[in-house]
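Two forms of the same protein chain are encoded below as structure tokens; each is given separately, as structure 1 and structure 2.
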Structure 1
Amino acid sequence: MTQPTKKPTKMNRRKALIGLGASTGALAAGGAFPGAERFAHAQSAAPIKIGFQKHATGIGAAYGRWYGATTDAAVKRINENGGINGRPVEIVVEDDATDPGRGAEVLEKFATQHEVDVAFGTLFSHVVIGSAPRAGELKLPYFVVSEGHHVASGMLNRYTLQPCITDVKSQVISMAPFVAENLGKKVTMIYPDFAFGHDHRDFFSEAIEAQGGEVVAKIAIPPTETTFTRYFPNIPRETEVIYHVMVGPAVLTFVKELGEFFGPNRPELFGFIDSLEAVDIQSPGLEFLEGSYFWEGMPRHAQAGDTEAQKAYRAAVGCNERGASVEDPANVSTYAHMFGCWETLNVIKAGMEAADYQGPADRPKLIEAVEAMSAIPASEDHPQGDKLFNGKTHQVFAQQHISKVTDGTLVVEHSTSIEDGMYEDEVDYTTQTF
């Protein structure tokens, strides 16, 4: 493994945005293939096959359901606009059961049985960490839609990229100043006891200390836990802010029990929306969340200033203004995360078109084309907003949003800049061989 380097990532954002055309101009090329003849001029009629490693079962199932819906919507749009290099895109789905061992097996199946061009879609960090080494061995490009710091840390390999969703380290250093300035400086953290939670624990502790604050307690909870009340007496009395980030099918139980434990006399609450992904914020028992704050990667509830691209994306994935299914309002989405699937598929498209990708022999060219990307401007391909991709670390940087629960609605109160979340490089994957 390449040893981490300490090179400051200082980029002029305006120059980077201007330079996007040289690296990702293909993002806007989707409309070049009209009507029923849109695939007629491709060098091959065979589809581009993308293996979707889906959390269809296990603790990530709610995310898997909506990652799947978003993927389907993105591929429909790509194919209606000519596919990739004039070839249709086909998604091959395998369930990894949100299990790292099964994740590696799924990649093996993609490569040897389905013969996919690339693999895509994984969220849960322990599954990414368990799967990425096999992707490297198989020389299978692996585009993950996770949030752990594992990619940018140098832990993985050149075949693993995270081009459209920010990592926890970037998120927390962006938001720690808001927490310290507006909510309090004595923080108790509640987080899941696996890699994703450990990233929160480590990076937020550093970030809040840099703001003159401190973490007075760190409470790790097994991700398969179903009841939480027994953990809450460990919250010190001097706590001013409870920082919570939970995942899995029991998140509604977690937030309800937190409210029952504190009643009206709670500390300030700063949560990652992970604690309420796929959960209606107006569910009975969640009234205590009024006035509390949540991180969101992309705001679940429609905002007054939403762009036309954001509105088009919301309609395409089948969500109403509260981020629930148009067909079934009880089916609440994982809106703060699932945009990463839509956007990553568009990066794969852009990379393949820049590399003139024809088949597996061109995988190194595809990775190099993505590594050459820098600024990714907001568009219908990238509705979440402007981004800056670091080809050396394979990690993207973007805005973060802090929303306040106001009359039962998540209203964005503060948005960070891209630069707020940038940090020094810890690896240069481009120095690794294929």
Structure 2
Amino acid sequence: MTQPTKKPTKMNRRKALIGLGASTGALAAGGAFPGAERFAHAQSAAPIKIGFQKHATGIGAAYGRWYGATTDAAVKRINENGGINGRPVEIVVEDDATDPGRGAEVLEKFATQHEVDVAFGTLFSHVVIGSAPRAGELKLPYFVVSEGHHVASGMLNRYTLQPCITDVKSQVISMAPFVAENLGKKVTMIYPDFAFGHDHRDFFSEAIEAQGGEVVAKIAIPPTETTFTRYFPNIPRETEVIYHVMVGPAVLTFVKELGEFFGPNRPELFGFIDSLEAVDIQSPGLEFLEGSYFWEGMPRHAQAGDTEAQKAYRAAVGCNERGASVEDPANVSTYAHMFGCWETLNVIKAGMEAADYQGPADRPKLIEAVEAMSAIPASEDHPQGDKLFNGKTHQVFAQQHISKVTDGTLVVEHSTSIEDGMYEDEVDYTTQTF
């Protein structure tokens, strides 16, 4: 999967940056090279194997493809910079068909057949929850990039971590102040009748009330729905803001029909970009979104204030300034989420180097090393921005963005602080035994 094609100019620049100490974790463990152990030599030459649970088929395939592209780019960079503990990184890809049953099987395959060091990369919550029990039983560290609240809720186990993408609870809480202050206090929520939608409903209702607002209607749409107009009359007339988080292939229809329903005078719209990941915001029918607001984990369209690290990341994953593939501008990425793969691989690297990871026996040490992480500063390793990892809940917290669609471009209007999304711990995984 990973065939590093050498591009000397790029490499030199990156190497220089690494030399400046971009990777903090690497410094901590930099000198500790295994000398005394019997198989040290053989081990140090063998690649670190990372199992990538990919949504290559099934409903998550559009995400899977870009998670794959980001993973390849991140691994290429890590290997060009000397790998992990001097060992090259090898990605083992297995398709989970975006299905929790197959996901668990794939995880078993990683642990017992491919004998990978860690597993990583899952997005869809049901696949994470279906696979995590097996990760715990097989004692395989499982790094997910899912944004679900499952990890921090305490439902999973010590072997499952989400170190680089903020969970939905934190995302939603941090949105409420902006919505209440700038868009309106009477909110109608439209969400899929899924656990994911229920999380939005529950967390946002609570958060907006804390801001003095209220949710005036909650419209849960059943899955596999392909037309939506008949549900829109349930939107109360007094609504000031519509909060929408639809997902799946019918999302374009949803937005289009919402536009057709309201015609020229609509309330403010606030949505999660999850709805429109891998979809061009200028697609026909989406004109209605002009002037509406979106949550973004990482801004899809290049912003004026982008850091060097963000520019380098954009180039490395092969995206243009509109977040689409450089080679095929019609192929729009899942930019708001996929940075999580890039950053998670760098956390695995930093964790392994801090723990002086040698092989599967050191897996508990690796988890302890990641649990010990706290502030993760923005860098080339972490282009999305500063983060705060909570070792007890295995969940990271980061800055979130709210972008406004302006002339067909997502322009960041507001960025939250990490503190905006903090909530009380619901679990302490460090008390669990390995």
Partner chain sequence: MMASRKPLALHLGILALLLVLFFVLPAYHVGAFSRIMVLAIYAMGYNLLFGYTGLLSLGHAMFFAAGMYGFGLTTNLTGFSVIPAFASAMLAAGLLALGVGYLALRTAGVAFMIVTLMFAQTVYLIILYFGTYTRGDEGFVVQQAQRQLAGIDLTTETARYFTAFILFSVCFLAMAKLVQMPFGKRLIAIRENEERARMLGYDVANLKLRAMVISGVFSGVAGASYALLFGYVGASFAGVQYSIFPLLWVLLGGAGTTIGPLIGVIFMFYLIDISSGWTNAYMLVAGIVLVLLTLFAPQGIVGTLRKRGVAWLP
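All values derive from a computational prediction rather than experimental measurement. Take the two forms, find the largest set of C-alpha atoms that superpose within 1.5 Å, and that set is the rigid core. Residue indices: 1-based, along structure 1.
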Note to self: Can you tell me whether structure 1 or structure 2 is the form predicted on its own?
What the structure shows: 1
Check: Aligning on the rigid core, do we see the C-alpha of Arg87 shift 2 angstroms or more between the two structures?
Finding: no
Check: After a core superposition, would you say His150 shifts its C-alpha by at least 2 Å between the two structures?
Finding: no
Margin query: After a rigid core superposition, would you say the CA of Gly136 moves by 2 angstroms or more between the two structures, or not?
Written below: no
Margin query: Keeping the rigid core superposed, can you check how far the CA atom of Pro222 moves between the two structures, in angstrom?
Written below: 4.3
Check: How many Å does the Cα of Ala195 travel between the two structures when the structures are matched on their rigid core?
Finding: 2.7
